[in-house]
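Just the one chain here, laid out as structure tokens, in the form predicted on its own.
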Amino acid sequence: MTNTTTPRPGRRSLTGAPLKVMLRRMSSLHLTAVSQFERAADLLGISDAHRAILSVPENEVIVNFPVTMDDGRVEMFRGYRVQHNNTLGPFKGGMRFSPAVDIDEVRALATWMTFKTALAGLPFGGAKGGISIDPKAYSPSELERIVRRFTFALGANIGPDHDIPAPDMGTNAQTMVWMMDTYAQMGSIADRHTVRRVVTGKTIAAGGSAGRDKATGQGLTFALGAWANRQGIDLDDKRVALQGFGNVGEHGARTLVKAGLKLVAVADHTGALHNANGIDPEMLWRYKSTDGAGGIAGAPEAEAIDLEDFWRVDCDVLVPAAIENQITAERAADITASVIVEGANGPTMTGAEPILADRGVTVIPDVLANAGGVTVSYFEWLQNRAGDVWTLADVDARLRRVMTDATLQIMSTAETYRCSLRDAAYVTALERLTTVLNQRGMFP
């Protein structure tokens, strides 16, 4: 008889949610996403029908599935896939493995993806998914079984021309390869190599694209550069404070420093560091990967500071690249940066936005700043579809063009509508979405 028991310490059951997650969910992320869209809808005066269509997801898939652990026990897991809108093309969005994953978070992230892909001019819609787990609490073999069983449970809800997952928090290129292989095994033998594009963000050897690992961090650097160039601002030696040192933060730090900026402060879940003379991101990544055991606390060549003091560090550019709801109204009042580049999704709370605006702080919004990831995912999808391989130089050049064009477009829109860059980004995306919605009409 199958033995099912309570998950081991450090794991998360289907029903147990950490208190901090429960408290955070008292403020709905999805309502935040909808309120951002509604502001732009008011500026454009779009129809009630289009507001209704874009304010809720088209589909919400929740799957509960069993997986055998290394010790022979069976645990149940809950996975999500929310498909917000596919007006412009197949659903597209990441897969997140985190204890904080729930339906509200996934709805919000899927909504933001719809506007992000529209803003970047990509022929994709918006989706997002994930599992409510801490991936660090499982062995590699257990994670493989979890990923494969989740993919099998999703079944035809994903597909290379229907809904295309990608990596996100807690997942990586190996996760995508497991998803791809599982999906391929579910189809016919003849199609097993033609369905590689069912996911993006794969390893290079398994059909991934050059530059995908650094795409989000590279993209935010391109967006900042385009904004600064249009404003006549020289970024050389401008001081950067960066929150989050995962994939986005690491590559954001590297590309920002390469572009001439100085990294003066970094924070992650383990602590915060400051050095007015600059922090070497390569050194910090080596430390995190070895002596730091996955965190930056204790790294050399920098002074440890309180996590709250990080938000008060004297800097020119602030890059929140961790999780949502990090810039609160209280923190907004202390930020010294003149520009914030949102590397994470939804890092600025609604109550903080008017405070930042009153203080003259420019916010380069998430739907623009972190669009580099989905843009290079699109490049990977194209390469897989054509059986082609692009060089890193080609990928970077194409990414720079997309990010620059999108940045200049929303700056122009902001001038036209006399609104914030965030509202301008949604206006630009809504113009594209509603144009196609009008042309396609309503069925039946």
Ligand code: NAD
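The model shown is predicted, which means the values in this text are computed figures rather than measured ones. When you see a residue number, it is the position in the sequence shown, counting from 1.
Another form, the form predicted in complex with the named molecule, is not on view; read the next lines as being about it.
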**Request:** Name the single residue among Phe150, Phe91, Phe115, Phe245 that comes within 4.5 Å of the named molecule in the predicted bound form, judging by heavy atoms.
**Result:** Phe245
**Complete:** in the predicted bound form, the residue from Gly130, Gly343, Pro165, Gly219 with a non-hydrogen atom within 4.5 Å of the named molecule is Gly343
**Item:** Interface membership of His269, the named molecule in the predicted bound form, 4.5 Å heavy atom rule
**Value:** yes
**Prompt:** If you check in the predicted bound form, is Ala337 within 4.5 Å of the named molecule, heavy atoms only?
**Reply:** no
**Message:** Given that the named molecule is not shown alongside this chain, does Gln83 nevertheless sit within 4.5 Å of it in the predicted bound form, heavy atom to heavy atom?
**Reply:** no
**the named molecule contact at Met169 in the predicted bound form, heavy atom, 4.5 Å** = yes
**Asked** in the predicted bound form, do Arg96, Ala322 and Asn370 all reach within 4.5 Å of the named molecule through at least one heavy atom apiece?
**Response** yes
**Request:** Work out which of the listed stretches, 245 to 253, 228 to 236, 179 to 187, 141 to 149, brings a heavy atom within 4.5 angstroms of the named molecule in the predicted bound form.
**Result:** 245 to 253
